[in-house]
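Quick heads-up: it's one chain on its own, the form predicted alone, in structure tokens.
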């Protein structure tokens, strides 16, 4: 009973219940939700948003919102592609990822330096750098549609799993980028849960003063988080290009709000210090289902946007109430002391 009571206090529990109920409703109305090709399509659609969700989680937990990751993904992927093409190293997909990670880390480090050194709000800084990266990509470089090098093309054509619906004849494949998603989540889980750096990320976001007293270097941790965010965003950007089988710079912008909404729905508090990887996955799954699967029951794209907007408002309200409740408990503890 105690475990059940603790479970019902977690936002992830209610998101999971909503996912189960919604999936049952869609299946009952369409009979297609649990079809093998629809399940694979849903997982496929989650890959890049789930990678971006790591960026949003780490920034929210430690410092505040980061909205620059889509443009970091776009610019770092472009730079990696033109660099490997110029050097004649396009045969190796690993080299493309390495270059992208280097470029993404530099851009993330720029965010970190400004936020840490000048103590500017992360939302304002990352909004500004997003505009800068967009201007460099579309203005200075005049980036356009680009074919992928041979290494990434081979990766895009390969698949982990192929399924076909016997009734409809529709098929779907699970790309190799799914393994990258799993690897990123495993690494992030180990870092956050089994290292002092991970404890520091949560400590800094929960209470900066207490974290400093406990011996954590607040500036280094925040700088490291935004640098890591740049690297993760770059990986997500290359994965998106691989799954699309071409690079289109204009397709990257605009996804940050959905990703932030997903992690907030999953229990990440906007005030910092609280957030889980399972919440990232569940929140991303819920919004992916709303975006992709409501059409199965005849709901138009415009009404899907209404559903997503309502979910964002509800999730934000719940997060705000949780933060308010936590602050009241802290104040009562201080008064008692």
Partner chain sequence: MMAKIKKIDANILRLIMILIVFLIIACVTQPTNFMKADNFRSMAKQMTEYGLMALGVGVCMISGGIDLSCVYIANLSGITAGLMMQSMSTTSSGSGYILLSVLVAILVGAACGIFNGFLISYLRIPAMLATLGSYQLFMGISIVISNGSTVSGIPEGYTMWGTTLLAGIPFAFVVFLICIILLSLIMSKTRFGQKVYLVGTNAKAAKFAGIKNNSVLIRSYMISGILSAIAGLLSLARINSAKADFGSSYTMQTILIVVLGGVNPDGGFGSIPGIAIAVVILQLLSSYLNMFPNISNYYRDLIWGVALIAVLILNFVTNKRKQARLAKAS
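Numbering follows the first chain given and starts at 1. Definition used throughout: the rigid core is the maximal C-alpha set that superposes within 1.5 Å between two forms. Owing to the predicted nature of the structure, the values given are computational and were not obtained by experimental measurement.
Below: the form predicted together with its partner chain, not depicted.
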| query | finding |
| --- | --- |
| Residue stretch of 139-147, 225-233, 93-101, 179-187 approaching its partner chain in the predicted bound form, non-hydrogen atom distance within 4.5 Å | 139-147 |
| Its partner chain in the predicted bound form: contacted by all of 129, 132 and 317, heavy atom 4.5 Å | yes |
| Listed residue (107, 74, 80, 260) with a non-hydrogen atom within 4.5 angstroms of its partner chain in the predicted bound form | 260 |
| Proximity of residue 28 to its partner chain in the predicted bound form, heavy atoms at 4.5 Å | no |
| Contact test in the predicted bound form: residue 89 vs its partner chain, heavy atoms, 4.5 Å | no |
| Touches its partner chain in the predicted bound form: residue 125 (any heavy atom, 4.5 Å) | yes |
| Partner contact for residue 313 in the predicted bound form: its partner chain, 4.5 angstroms, heavy atom | yes |
| Threshold 2 Å Cα movement between the shown form and the other one for residue 304, core superposed | yes |
